[in-house]
Every structure is written in C-alpha cells, then in structure tokens.
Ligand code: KMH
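First comes one chain, alone, set out as structure tokens in the form predicted alone.
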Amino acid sequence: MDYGIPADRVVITVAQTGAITNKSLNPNVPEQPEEIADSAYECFNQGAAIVHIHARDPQGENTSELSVFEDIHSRIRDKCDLIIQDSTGGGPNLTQEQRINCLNAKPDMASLNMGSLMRVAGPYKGVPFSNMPEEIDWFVEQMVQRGIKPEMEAYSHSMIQEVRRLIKEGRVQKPYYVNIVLGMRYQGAEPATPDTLTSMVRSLPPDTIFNCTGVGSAQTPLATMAMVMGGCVRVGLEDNIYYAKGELAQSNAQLVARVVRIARELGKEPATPAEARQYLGLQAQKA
C-alpha cells in the first residue's frame, strides 16, 4: 500500500496553547478547558482536522491532571469530530511520568519527542528536555498499548535517526507520521529555512507522512512550502502569537483560516477529520 496525502488535500493541525505561550504574551491564548474547546471548534469550522492539546491548571500553569484532559476531550467531542492529539512534551515543570498521564484520557494521537534538547532561553534556561532512547521506547510502548498513534516530533536531522530506529525495531506502524519542528531556538531546533525543511524531508524513511511546524514568523512561509511538497501543516498560537509583524493574532481560527486560503490557492482543500483518520490509519473517533 502507498501511504500519503492526496495531492488535492492537506491535513491541518492547530496547536492552540502550548507549554510556554500564555495570556501575558497574547490574551487570545486559550488556557482553560472551555476556552480550548471553543477555540478548537472554531478551528474545526475553518478547516482544521487535528487539535494538539496542552492542559493548564486554573492558574494557567502546565498540568498533567487527568480530569483536565478528560474535560477538554469531552468538550471537544461534544462539538465535533476533530482528531485529538495530546502533548507528552507537557512542560518543563512536569516529570516524565506526569508527561504521559494524558494518555489515560484516550486521545487519538500523542506527540513523541525524538531526542533530548536543552532549553537555551527564557525562565527555564539550562533545564534539559530529556527524551533519552529508553524514555522514547517507554513513551511509545505506553501509546501502542492504548491504541494511540505517535506523532514523532523531529527538531533536527539527528532525531530522524531515532525515527529510523523505532521503525527498524518494529515499535511504530505504517504510515509513520513525523512532525518536523523548525525555528524553535528556545529548545534548540534547527533553523526554519527552506534548505533545512527540504533536507529533512529527503531524509525521512519510506511510508512516512510528514507535517511541518514553523515557529514564529516562519509559520506561514514554511506551511506554504510544506503544502507544495505534499506535506501536512501545523499552525496556531503555541508556535506563533502574531498574525503579522507587530500584530497579535486574534485567535487560532484566524491562523487556520489563513493557511486554508493559501491551500486553496494551491489547489488543495483542507482534509476533514474523517479523511485525515483514513490517511493516518486511525480508528474511528474514540468515545
């Protein structure tokens, strides 16, 4: 079987909240379950198929509390059939065990960071983001046991070697889904340039569907390039709080709407969640 996205479709993920962005940076960042679900529904109506979830406590801090993830999931699933993709990156204040607690909320997908990084700026400067090979193996095992598809996040060429290792060892199943994250200097990602994206896509294993996450001002240019290359795209306030230079984005839906307009100029329609499930080999929406 050939795996991939049809040439006239694009799968759009919206990353709404993140671990670092907050209302002090952009007051439109959704933090609480009701806000996150309402924002997700707006993004669904604009053309998003996948929603990437980070959870916050009532004070706006990163949390691994299962009830919060369950609340978010329930609110979204009451509104629409978006594919729910939880973050196991969580935040720098969470332990490894806490980072995977979200898996018990039964998302369709979950992020799987493919290597260790060092935070080089901000309040957590010098705090490592640990994803050792044995930790990656443990994370992916927990996902597979629950029927959750890993979204393998690669910030550099070296992380793609970990993708290849997981494939060789039979730990992940086709179609492989890799999110190429570029321009996140805070966590040591490679530069968000056309050359870097092209090189990383060329180094992907066969039967891989790729997504591109460009951080900051690179979000729209790299999303456009990724669509031209036949990839999926991620937009949202987690990665970019601006709509234009000096202009804060009004909502996640505004960023989704822009990439949908560009997609249509390229002859592509945003895939529905049902279509995206088919392309990615996901089961029907979870209860």
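As the structure is a prediction and not an experimental result, all values here were calculated from the model. Rigid core (definition): largest C-alpha set, two forms, superposition within 1.5 Å. Start at 1 and count along the sequence shown; that's the residue number.
From this point on, the text means the form predicted in complex with this ligand, which you will not see here.
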Subject >> Contact residue in the predicted complex, from M143, A105, I76, V181 (heavy atom within 4.5 Å of this ligand) >> reply: V181
Original post:
Can we say T13, Y176 and N211 each have a non-hydrogen atom within 4.5 Å of this ligand in the predicted complex?
Top reply: no
Original post:
Which one, 66-74, 39-47, 254-262, 237-245, holds residues whose non-hydrogen atoms are within 4.5 Å of this ligand in the predicted complex?
Top reply: 237-245
**OP:** Give a yes or no for H54: in the predicted complex, does one of its heavy atoms lie within 4.5 Å of a heavy atom belonging to this ligand?
**Re:** yes
**OP:** May I ask you to check whether G89 falls inside a 4.5 Å heavy atom distance of this ligand in the predicted complex?
**Re:** yes
Original post:
Quick one: which residues from 154-174 get a non-hydrogen atom within 4.5 Å of this ligand in the predicted complex?
Top reply: Y155
Original post:
Under a superposition restricted to the rigid core, does Y186 display a Cα displacement of 2 angstroms or more between the shown form and the other one?
Top reply: yes
